[in-house]
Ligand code: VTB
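To begin, one chain is listed below as structure tokens, in the form predicted alone.
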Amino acid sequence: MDMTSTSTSSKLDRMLTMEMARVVEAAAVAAARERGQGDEKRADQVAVDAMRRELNNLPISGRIVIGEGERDEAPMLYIGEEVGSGGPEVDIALDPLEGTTICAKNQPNSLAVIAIAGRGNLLYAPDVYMEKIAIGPGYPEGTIDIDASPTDNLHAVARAKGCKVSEISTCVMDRSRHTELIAEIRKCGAAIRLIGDGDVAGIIHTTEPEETGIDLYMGIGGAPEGVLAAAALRCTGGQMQGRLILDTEEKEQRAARMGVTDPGKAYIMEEMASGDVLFAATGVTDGNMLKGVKFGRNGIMTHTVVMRSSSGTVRWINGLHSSTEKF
């Protein structure tokens, strides 16, 4: 490792807990104040504002590679925006409010999410759809294959786990585009957990199947969310593959401007998030892995997870913040 990489890694290590946790906590608390209000845009905007403010306090020279959209579409935290107060050059993938609809309806598994890696180590993905498949840790390399059928993947996971297909649970977003996928999974006899939104959480849930009941994730969701999920899996172990869906000339051109030279490429997890990766998430609403923000008489309670790929460290942080603390 060269001296630049060592320096960046050392400084990233110092950000591992409080600084990164603070960023996602601030976004989560801001969004939590909008839970159940039915206003997705308002909830998203306050989360964006809070996350941007905290990012600009970090001692980094950060570049957003996965954000709220491209510059013409997003006033803040757009792809290419520079954040931080100066320091090691890093790339940032973020979703200040993963599951805007979930938050607006006060349903489970809404999160504030961020991933940080050295410059050039996160896939610079356009805001398009991505086909995805993911499993958690403990499986032989190559267990899943994005080019195989859902049936073949289900049987492969069952064989690797040493169980029947009927004992495998698959997470799929409840969308009309998944009608055939859902039918095939059910025909195989596997269980399905349908989610309305929030596929970052859906993929992360594969890392702890004993807690979440989810072994496998399949389906089509956002490419930005795919990169964030890949960052989390890099830290916790697991396998993931993704392929950008560039079904129009305009999307292919956008992808090309971001450096995508092979529109049909199937990316493995390490190509979406490489090097030393940090990941953090705070629950906005209660979920399978993270509790939502609680506004109590004695302060504001948050539940956060912070992960690092190089060490495999996973830290769970239960925060109690003063009600007067500015978020």
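Predicted, not measured: the structure shown is a model, and the values here were computed from it. All residue numbers refer to positions in the sequence shown, first residue = 1.
One more form of this protein exists, namely the form predicted together with the named molecule; it is left out here, but the text below deals with it.
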Consider residue 225 of the chain shown here, and say whether it contacts the named molecule in the predicted complex, taking contact as heavy atoms within 4.5 Å. yes
With the partner left out of view, is residue 99 within 4.5 angstroms of the named molecule in the predicted complex by any non-hydrogen atom? yes
Taking any heavy atom pair closer than or equal to 4.5 Å as contact, tell me whether residue 173 reaches the named molecule in the predicted complex. yes
Wondering, does residue 136 line up within 4.5 Å of the named molecule in the predicted complex on heavy atoms? no
Among the candidate residues 257, 187, 177, 164, which is the single one with a non-hydrogen atom no more than 4.5 Å from the named molecule in the predicted complex? 177
Listed residue (126, 221, 88, 150) with a non-hydrogen atom within 4.5 angstroms of the named molecule in the predicted complex: 221
Select, from the options 138 to 146, 190 to 198, 208 to 216, 238 to 246, the stretch whose residues sit within 4.5 angstroms of the named molecule in the predicted complex by heavy atom distance. 190 to 198
